[in-house]
Every structure is written in C-alpha cells, then in structure tokens.
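Next up: a single chain in structure tokens, the form predicted on its own.
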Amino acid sequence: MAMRAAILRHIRLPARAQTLAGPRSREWSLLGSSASRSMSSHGDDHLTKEEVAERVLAVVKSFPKVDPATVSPDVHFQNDLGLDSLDNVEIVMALEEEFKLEIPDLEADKIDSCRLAIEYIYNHPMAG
C-alpha cells in the first residue's frame, strides 16, 4: 500500500466535473462531439462517374495505336478501334495504373470497351 500511495502522490490527473444525473445521461466519445470517423478505406473521395469516364477516355486516347478523334464512351476496343487482344491487355494495365487498382484477370478479360471499363472502375470500391 505504501508503494501505491507514493505513486499516486506523483501522478496528477485533471479532474472533470460530473453531472448529478450520472454517467448514463452523458454521451461518451473518444473523438469529441463534432468528430467522426469513416470506416471506408478511401474516405469520401469516391470518384463520380463523369470523372471516371473522363480519365478512362484520356487513357484510351493516349494509347499509341489509337486515333484520339475516334474515342468515345461507347467505343469498342477491337471492333471500333481495330486493337488486338494484346492491345486490350495493355489498355487494362494502363487503367490499373491510372486508377491505382488491380483488376483480376477474369474481370480484365471482360473489359473490351470504354463503357465496360467505366462501369467496372466506377463500381470498384478502391478506385482513386
């Protein structure tokens, strides 16, 4: 007990006034009354569909084998732009780099148009 008393004499903790209604009537918050924490891994900065479309079109337009004037949201990589499957893979890889995400191979194989790329990326929770 002597040790406990000696330690407690040296520890100074600020005391807060408690209401007479008791602790149940008071809201407890570690972050304060105005602070809140988002449980999302990327916060509230999810991209709008327009932002995604703009960036997807910019990536496709910058591809060396593509005429930028022919690129639109509805363009198909092989049918409209004349790209082959390897070009398709390179565009998907460029999209992964642009949006800082990884697209699984099974999903990447399905992305063969700007429209599908826009939809996939817009619906991806980690796209940034």
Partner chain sequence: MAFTLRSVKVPPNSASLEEAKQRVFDFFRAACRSIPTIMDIYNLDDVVNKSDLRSAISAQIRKNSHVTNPKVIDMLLFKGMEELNNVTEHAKQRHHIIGQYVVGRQGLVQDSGTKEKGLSDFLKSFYKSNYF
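Positions refer to the first chain, counted from 1. Computed from a predicted model, the values in this text were never measured in an experiment.
Note that the form predicted in complex with its partner chain isn't included here; everything after this is about it.
- With the partner removed from view, the residue among Asn79, Thr48, Ser85, Ser72 that has a non-hydrogen atom within 4.5 Å of its partner chain in the model of the complex turns out to be Ser85.
- Looking at Glu54, you'd find every heavy atom of it more than 4.5 angstroms from its partner chain in the model of the complex.
- Contact annotation for Met93: at least one heavy atom lies within 4.5 Å of its partner chain in the model of the complex.
- Its partner chain in the model of the complex comes within 4.5 Å of a heavy atom belonging to Ala108.
- In the model of the complex, its partner chain sits beyond 4.5 Å of every heavy atom of Lys100.
- Within 4.5 angstroms of its partner chain in the model of the complex, the stretch 55-79 places a non-hydrogen atom from each of Pro64, Lys65, taken in sequence order.
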